[in-house]
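Shown next as structure tokens: one chain only, the form predicted on its own.
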């Protein structure tokens, strides 16, 4: 099976006043269809910048110096902004650690999901409403109509994350990128969200790129794991293989910490 996503030799720099900081330095990554890949590493290792580079939604002072990012045969770095807008949310969707930071506080959850459906699918308001209610139920929001009418500040962190997942899946993306989506949630809700993502992945047949510093999560969900350290991918392995025989010293350090405290 070929790769849905392939990243090669990616370099990203930040320009701060007169300084240039290399955030990603020759990183690579690949994901097959219907696969769960975990990109793991400590804070500041370049995980999020690598993921944001895929759709070129980087901070203004970040610049992709070179690299190849290929999604289903399309070279992403060659696309202009209008072409990327059509891909964002439709072929690739993101979910983040703090969904309330990305949900608009002045619109209800339902209005925001409907807007995504109308933008990418061209459905009328009635069709979009019915699909939104169905999506909320798919992410195990049983009071779908109440949540539809609610504003983000009226919902718990767990419900906002479920609603954000529903919005991300509104257009059946080929790739879902989840960047530390459970870090701010308690352990019980974290497990529910992880189980939900895997269930949806199997049902809807998308690929999942999950970014985390937590090797406990990586072990539970990953088919393959890529370890980042100082802007580089230093190790890639099947999940079981990595936990049995890590080769790079940084991976060994992460595993040692994981074994000591169970959660890093």
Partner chain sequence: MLSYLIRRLLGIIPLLLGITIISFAIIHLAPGKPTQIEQAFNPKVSQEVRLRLEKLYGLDKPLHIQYINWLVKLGKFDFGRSFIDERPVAEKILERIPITLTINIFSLILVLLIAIPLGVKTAVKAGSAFDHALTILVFLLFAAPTFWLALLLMQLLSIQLGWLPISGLKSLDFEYFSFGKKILDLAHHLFLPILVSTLGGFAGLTRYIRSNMIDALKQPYIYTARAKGLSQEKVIYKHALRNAILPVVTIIGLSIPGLLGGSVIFESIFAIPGIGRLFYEAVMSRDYPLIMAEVVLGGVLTMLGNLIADIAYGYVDPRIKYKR
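Numbering follows the first chain given and starts at 1. Note that the structure is predicted; figures quoted are calculated from it, not measured.
Keep in mind that the form predicted in complex with its partner chain is not shown, yet the notes after this line are about it.
Novice: So which of 100 to 108, 67 to 75, 139 to 147, 125 to 133 is the stretch with heavy atoms within 4.5 Å of its partner chain in the predicted bound form?
Specialist: It is 100 to 108 that comes within 4.5 Å of the partner.
Novice: Which pick from 237, 52, 234, 200 sits with a heavy atom within 4.5 Å of its partner chain in the predicted bound form?
Specialist: That would be 52.
Novice: Looking at 175, 178, 193, 167 here, can you tell me which has any non-hydrogen atom within 4.5 angstroms of its partner chain in the predicted bound form?
Specialist: Only one option qualifies, and that one is 167.
Novice: Can you work out whether residue 26 and its partner chain are in contact in the predicted bound form, taking contact to mean some heavy atom pair no more than 4.5 Å apart?
Specialist: Heavy-atom contact with its partner chain at 4.5 Å: absent for residue 26.
Novice: Test of understanding: in the predicted bound form, would residue 56 fall inside 4.5 Å of its partner chain by heavy atoms?
Specialist: Because a heavy atom of residue 56 falls inside 4.5 Å of its partner chain in the predicted bound form, the answer is yes.
Novice: So, residue 79 and its partner chain: in the predicted bound form, are they within 4.5 Å at any heavy atom pair?
Specialist: The answer is no: residue 79 has no heavy atom within 4.5 Å of its partner chain.
Novice: Is there a heavy atom of residue 89 lying 4.5 Å or less from a heavy atom of its partner chain in the predicted bound form?
Specialist: Heavy-atom contact with its partner chain at 4.5 Å: present for residue 89.
Novice: Relative to its partner chain in the predicted bound form, which residues of 110 to 131 have a heavy atom no more than 4.5 Å away?
Specialist: Residues within 4.5 Å: 112, 115, 116, 119, 120.
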